[in-house]
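This document opens with one chain alone, in structure tokens, the form predicted on its own.
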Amino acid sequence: MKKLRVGLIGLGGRGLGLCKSTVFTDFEGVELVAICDNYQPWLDRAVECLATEKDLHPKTFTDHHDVLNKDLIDAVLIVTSWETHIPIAIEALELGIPVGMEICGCYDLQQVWDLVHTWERTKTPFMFLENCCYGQNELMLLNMVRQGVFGEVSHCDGCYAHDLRREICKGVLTHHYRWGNYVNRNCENYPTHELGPIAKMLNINHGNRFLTLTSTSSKSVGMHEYIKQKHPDHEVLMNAKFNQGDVVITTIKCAGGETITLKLDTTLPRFYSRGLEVHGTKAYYNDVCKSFFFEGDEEVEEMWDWQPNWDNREKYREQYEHPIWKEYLANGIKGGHGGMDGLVYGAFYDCVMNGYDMPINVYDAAAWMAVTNLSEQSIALGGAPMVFPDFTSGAWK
């Protein structure tokens, strides 16, 4: 069987993580043949990692144009800084090279339209690699929504809550792209981890779509306080002015009448959470307390009597586990992030090799990424509502 020759562009934190994982070694018929980064230290550490930990020896490049060659690769993975994802993806699509693009928010809506129009014209396979759509809990909830366990879903909450202060500082200390984003922008800069699974539950682009968005940002004080504590003698860090608010709240209205609330919280001390909540007419789910609350549970004598059901999620695991995860657990988990990476990259490889439709396609990517640019505009205008483009041009109906 002919092997799928894969090129990897971008070897920062995510790219190196993939090199350390098993997404290039656990899938029969997949071969990593080329890696690329324009920052030599990152290229060097990836070469060493792949050689010593995986016994892989792909060709190396510092210019991504050299990787986008159909004589060299059959598919490309784009894992670069956020602002370069779409331009490189468009180049690959134009050349007929299937694209697996890591997640980001968009900087400009025209870029997203360009991506959509390029795919529509070329029909080159494209997948948005949002691994949280394959999370065990997220897929279990999707299964429950599809089975009607929640009744009619009215509202969903999600967040990207992750203390990134140390990583942001690495932008100056060790060459990290987040730095420029937090200095220069103020927006919901990383929406898709929480929004992707919610969009699947609400059938976005498949009978439903996002209509409008409003965003509000808090002040920006978390990064400066952190730098005062951790790097008081670093002149560049101490003099930095951050535009990105500590907490950004975004509300989305859908054509079906549902609402979605997103929260970005990355520059204050806190635990990690994607904060998924599903509010339906028959059930409620809260990811933080790992709890379901079903219709009838409210029939208790005192309002706090529901607490014995706190942390009851695993009680329903066997009944509602998604078939994808049942098979995955039986056959062995692959990749990082609790197995999500193995599922999302495996799906991409499978679709490219067998000609299947991508499960997270260009229209999904466009709608989810648009949140970043629209939220930036909304915040700048004091929380004014922004209208979502219909990237499907009516096909969502």
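Throughout, we count residues from 1 along the sequence that is shown. Keep in mind that what you see is a predicted model, and the values were worked out from it rather than measured.
There is another form of the same protein, the form predicted together with another copy of the chain; it is not shown, and what comes next is about it.
Student: Would you mind picking out the stretch of 244-252, 193-201, 83-91, 103-111 that comes within 4.5 angstroms of another copy of the chain in the predicted complex, counting non-hydrogen atoms?
Tutor: Selected range: 244-252.
Student: Decide yes or no: are 221, 288 and 295 jointly within 4.5 Å of another copy of the chain in the predicted complex, with each residue judged by its heavy atoms?
Tutor: Per the other structure, all of 221, 288 and 295 touch another copy of the chain.
Student: Of these, 176, 206, 117, 282, which has a heavy atom no more than 4.5 Å from another copy of the chain in the predicted complex?
Tutor: Flagged contact: 282.
Student: Report the residue, out of 162, 185, 231, 146, that has at least one non-hydrogen atom within 4.5 angstroms of another copy of the chain in the predicted complex.
Tutor: Flagged contact: 162.
Student: Is there a heavy atom of residue 389 no more than 4.5 Å from a heavy atom of another copy of the chain in the predicted complex?
Tutor: Flag for residue 389 set to no.
Student: Can you check whether residue 214 is within 4.5 Å of another copy of the chain in the predicted complex, heavy atom basis?
Tutor: Answer yes; at least one heavy atom of residue 214 falls within 4.5 Å of another copy of the chain in the predicted complex.
Student: If you check in the predicted complex, is residue 268 within 4.5 Å of another copy of the chain, heavy atoms only?
Tutor: Contact with another copy of the chain, yes.
Student: Check residue 307 for me: does it contact another copy of the chain in the predicted complex (non-hydrogen atoms, 4.5 angstroms)?
Tutor: Yes, residue 307 lies within 4.5 Å of another copy of the chain in the predicted complex.
Student: Listed by sequence position, which residues of 151-188 have a non-hydrogen atom within 4.5 angstroms of another copy of the chain in the predicted complex?
Tutor: Those in contact are 152, 153, 154, 155, 157, 162, 163, 165, 166.
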